[in-house]
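First, one chain by itself: the form predicted on its own, in structure tokens.
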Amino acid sequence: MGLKKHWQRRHVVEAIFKYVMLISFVLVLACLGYILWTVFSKGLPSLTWAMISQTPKGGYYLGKEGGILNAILGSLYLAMGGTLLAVLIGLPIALYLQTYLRKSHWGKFIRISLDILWGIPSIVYGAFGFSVMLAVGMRSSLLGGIIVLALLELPIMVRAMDEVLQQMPKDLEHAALAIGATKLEVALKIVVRQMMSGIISAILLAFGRGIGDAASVLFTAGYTDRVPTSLTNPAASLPLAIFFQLSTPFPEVQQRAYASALVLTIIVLAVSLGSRWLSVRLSKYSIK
């Protein structure tokens, strides 16, 4: 009799959690759908070719001619530069964690530190970067924004790569070590190739985080109506362009803000879908 009650209780608890998870899924999906509907319905009517192919003209924020090409290219420059710098630093860290530290005390300490850095608000990264730039006499520039975005993306990228590398089949590593390969050779020639799809997904995840951030580049990259031609020039970004356009009292300019948000959303969606496509395609060449 006791076993029967215990069995019934377990099934009741399972059913409750099943419905809670289903409701949570529906709520998240509904929020995502509402956000996308708002951006597309308000932004699509204002989105024109001139808006994405021109830089702001005189009086653009007063409702006159021009576009957001400076912000589109600026965001791409910042995010691609920051992601590249984060990869150059983050991939060796992730490989070192997985190859040499694994579950050691130092490995756990580094992972906890990265988790803490992941949770720090982006405005703190921006304030830190700005204070360092003032100390060294550096002006707001594309380079400053790239460095701060790299710092912002680094913990996200390393932790994502670390979780991916932990899925590496141990038999492959053991087989390579058994025939005389060093740990470094195994990491570079086997682990990276085997887990390439997951590594690329981690990189694109960090890229999506970087291109949508405004607080970290507000003081470090600055803002300009021109397309940056060197690393020392200030650079505009789409999140800041959206903020500045929404801050104006002109309804026409506010509608352009939704069009800018639509462009940013399309870029992020393209990156997400590209990540999924690459993961599926590259996983075909992985040994299960």
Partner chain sequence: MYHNSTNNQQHTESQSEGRFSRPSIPSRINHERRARKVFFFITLTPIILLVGIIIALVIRTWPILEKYPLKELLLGTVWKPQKGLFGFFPFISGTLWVTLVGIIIAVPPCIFTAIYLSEYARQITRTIAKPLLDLLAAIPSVVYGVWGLVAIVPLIGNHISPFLGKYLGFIPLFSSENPTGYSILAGGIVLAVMIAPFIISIIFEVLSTVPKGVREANLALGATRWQTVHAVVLPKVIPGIGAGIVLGATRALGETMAVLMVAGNVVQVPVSIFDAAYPLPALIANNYGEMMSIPLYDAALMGAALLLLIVILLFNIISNLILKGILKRSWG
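None of these values were measured; they are calculated from a predicted model. Residue numbers count along the first chain shown, from 1. Here the rigid core means the biggest group of C-alpha atoms that line up within 1.5 Å when the two forms are laid on top of each other.
What comes next is about the form predicted in complex with the partner chain, which is not displayed.
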property: Listed residue that, although the partner chain is not shown, lies within 4.5 Å of it in the predicted complex (heavy atoms), from 89, 73, 80, 200; result: 89
property: The unique member of 246, 52, 227, 231 whose heavy atoms fall within 4.5 Å of the partner chain in the predicted complex; result: 246
property: Distance check, residue 277 to the partner chain in the predicted complex, heavy atom within 4.5 Å; result: no
property: Interface membership of residue 261, the partner chain in the predicted complex, 4.5 Å heavy atom rule; result: yes
property: Close approach of residue 42 to the partner chain in the predicted complex, 4.5 Å, heavy atom; result: yes
property: Contact label in the predicted complex: residue 164 to the partner chain, heavy atom within 4.5 Å; result: no
property: Residues within 4.5 Å of the partner chain in the predicted complex, restricted to 111-149 and counted by heavy atom; result: 112, 113, 114, 115, 116, 117, 118, 119, 120, 121, 123, 124, 125, 127, 128, 130, 131, 134
property: C-alpha of residue 18 off by 2 Å or more between the shown form and the other one on rigid core; result: yes
